[in-house]
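Only one chain is shown below, in structure tokens, and it's the form predicted alone.
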Amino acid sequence: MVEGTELKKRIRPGIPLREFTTFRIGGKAELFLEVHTEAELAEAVALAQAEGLPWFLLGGGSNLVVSDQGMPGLVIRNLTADSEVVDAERLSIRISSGRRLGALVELAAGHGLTGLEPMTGIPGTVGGAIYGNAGAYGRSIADLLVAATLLDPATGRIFEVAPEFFRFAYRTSRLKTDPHIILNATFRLSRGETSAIRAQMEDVLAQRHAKHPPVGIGSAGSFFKNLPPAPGETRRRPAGEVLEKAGAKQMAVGGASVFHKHANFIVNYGEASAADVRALAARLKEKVQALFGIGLEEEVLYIGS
């Protein structure tokens, strides 16, 4: 590693990644570093690039299945939180990519800004939400993004882009094939009544609590992407409905099982391995394909050795 950097002194070897994922699954990071500012994030990536180390940027740890064998190279946990600017006149918020998406939702509500309520309860960070174009109830993060500051890891260049840069589509963005790192992002919202905003947030949260695994049960969120709309319709078809018809709720492999309230959630009650999850996901896909001729596509990412 590069000698003499303060950041280098904070790198730790052999850290179990299950402690930093919502699934509570995963082996060890060969090297692990937490960064707290956008400058530290840029420096950490430059350090890994200079040493020829493979690196992975870890946000909130949701939507991930980390290999039981762990991750080679440097895992950089993004806890950046130095950008937070609310512009009351422009109805905008600029925020660091390492902040929790829930913190952004709360910040908007606290300033009487509406638009983010459907994102209430979605785990993960702002950067991760943009990377995967997170969304719910017919709205996605792409609908609200107006600008982002990016780092090109290959050159170290920092620059600002418009939303078009990301080529957003359903639960995906350009970043999945053209890796750039989000340092901060700016969202344009609308003025609203705080009481109405809070009421909608509470309603969204109640709906989530009614069908999603509770805190304390390992899960990566919705496991498969929802299906394209049926002919003549505009809304996507829930993958959970097809999975339920296929009998998914009765299925399990090792410590991984399908959640009894929602067939599009694979859960870990404490003993599941990444291998269990992958095997169960493969069986679910095979069954849905055999019964209905439908090919399911994972929303979660498999990472690691």
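For clarity, every value in this text was computed on a predicted model and none was experimentally measured. Note that residue numbering follows the sequence shown and begins at 1.
A second form of this protein, the form predicted together with a small molecule, is not displayed here; the remarks below concern that form.
Within this chain, G59 lines the site of the small molecule in the model of the complex, having a heavy atom no more than 4.5 Å away.
Contact check for L175: a non-hydrogen atom falls within 4.5 Å of the small molecule in the model of the complex. Within this chain, F259 is remote from the site of the small molecule in the model of the complex, having no heavy atom within 4.5 Å.
Contact annotation for R188: none of its heavy atoms lies within 4.5 Å of the small molecule in the model of the complex. Checking A103, L227, I158, A136 against the small molecule in the model of the complex, a heavy atom within 4.5 Å turns up for just one residue: A136. When the small molecule is considered in the model of the complex, only one residue from A129, I95, A108, V75 comes within 4.5 Å through any heavy atom, namely A129. Heavy atoms within 4.5 Å of the small molecule in the model of the complex belong, among the stretches 193-201, 84-92, 108-116, 177-185, to residues of 177-185.
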